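Only one chain is included here, represented as structure tokens and corresponding to the form predicted on its own.
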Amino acid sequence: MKYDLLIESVKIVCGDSLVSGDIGVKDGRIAMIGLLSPDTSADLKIDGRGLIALPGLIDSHVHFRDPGLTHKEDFESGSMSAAAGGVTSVFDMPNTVPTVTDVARLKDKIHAVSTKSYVDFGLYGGASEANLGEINALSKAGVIGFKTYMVGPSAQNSPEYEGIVSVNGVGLLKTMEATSKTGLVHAVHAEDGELVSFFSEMLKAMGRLDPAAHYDSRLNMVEALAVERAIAFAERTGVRLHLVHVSTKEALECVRSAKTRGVRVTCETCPQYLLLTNKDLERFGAYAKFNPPPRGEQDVSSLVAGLKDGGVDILVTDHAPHTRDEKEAGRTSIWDAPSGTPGVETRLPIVLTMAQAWGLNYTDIARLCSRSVAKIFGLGSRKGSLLVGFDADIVLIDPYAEYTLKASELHTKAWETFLFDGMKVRGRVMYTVLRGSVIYQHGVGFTSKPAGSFIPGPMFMGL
């Protein structure tokens, strides 16, 4: 048997097991997992001794800012950052300029980014009461899911949120009724927009300009009340609700309760909510301004427990880059800085480093960062696992490599705003393989031109 790629003598995360063996790849798919026969050959062989093979990571929450905001990031720089971090598929959010709220804009975005991406990519459609008539068409045109914000943006950021915000409860209910009919996942940013506006204006009137004012404007109850409302609407409509970047103990308790009642709800969290607390706002200032804000120690403990027991379904990044100048605007007034932080390249080394402290093993990491993501978004028969017949999306890591994260070595345009510069980590991405082709190799860099493909959602009927 001749394979296109053969990874020899590697430890493989296969389902809930870690096994030793070889991986053979043919025509972009995994053709063999096991032990080589004597007559086996391959066009390319990788010596996997000392390495661990994980399914290529999927980051279902990135903002690559393309089109319209490419001074912050574009699909080339963002996908390079992803590939260097062992990520083989990303799902990009719709709050670009223009926002992805109809089929024409979706087509334009696919055209704009498809030749730039080093990894496979899915695209969300925006959803609100403003585009109810477009939702069914967007599902058939291939969006991976829908996204709605329950809180409005600042005035300077309003163009990138046009048509994807539902602060009003009736509007959100109508939107969920429409998305429920498509069968796609409806991702919701759950913060109570009315309360955020009220607290923000109150704090500004008090003269609060300090970083902690950001936290005080978005207290735990702001998220918890919005999560309760979103879950109640999901329970009524039957929509497949996915709550993005859950950050509080109260919100996670709402999710747990809903799951026991049979509500179709899943949730995610991100490394920044596991490594930082609200006390770090004073230390990092606007660089640690993201929405929701970092929380307290009890919230961190609750989220870590959720990673282990399934209360939290997936671990993603909410990679949301901004320029250094944009963040520096918050030095005199926290209100003037945009919210968001980069992270798509460093999720895997951070998780590998923290795995023991968080009580996770390699199969947990594969579940949280690959398999469950694919399952939630309807790709579980093709991506997210190292199984025969699946796309050969593979990341090979050296679990013993120790090094220091350096912002200047990241591939994102927003490297100057990276929060964890200088963090000592253990576990390095050695090879990233996309559909059987090595796209990144440590010490070599990117081994081919962008070769990522559009991943249509499960309701796709053609463009």
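Note that residue numbering begins at 1 and tracks the sequence as displayed. Note that the structure is a prediction, hence the values are computed from the model and not measured.
If you look for the form predicted together with a small molecule, you will not find it shown, but the lines that follow are about it.
Heavy atoms of Ser339 reach within 4.5 Å of the small molecule in the predicted complex, making it an interface residue. Heavy atoms of Arg240 never reach within 4.5 Å of the small molecule in the predicted complex, leaving it off the interface. By the criterion of a heavy atom within 4.5 Å, Thr182 is excluded from the residues contacting the small molecule in the predicted complex. Not displayed here, the small molecule is kept clear of Arg367 by more than 4.5 Å at the level of heavy atoms in the predicted complex. The putative spot formed by Val87, Ser117 and Arg435 is not touched by the small molecule in the predicted complex; no residue has a non-hydrogen atom within 4.5 angstroms of it. His189 is the sole member of Arg347, His189, Arg105, Arg371 with a non-hydrogen atom lying within 4.5 angstroms of the small molecule in the predicted complex. Proximity to the small molecule in the predicted complex, defined as a heavy atom within 4.5 Å, singles out one entry of Tyr362, Tyr215, Phe233, Phe290, which is Phe290. Partner proximity in the predicted complex, defined as non-hydrogen atoms within 4.5 angstroms of the small molecule, places exactly one of 314-322, 275-283, 174-182, 135-143 at the interface: 314-322.
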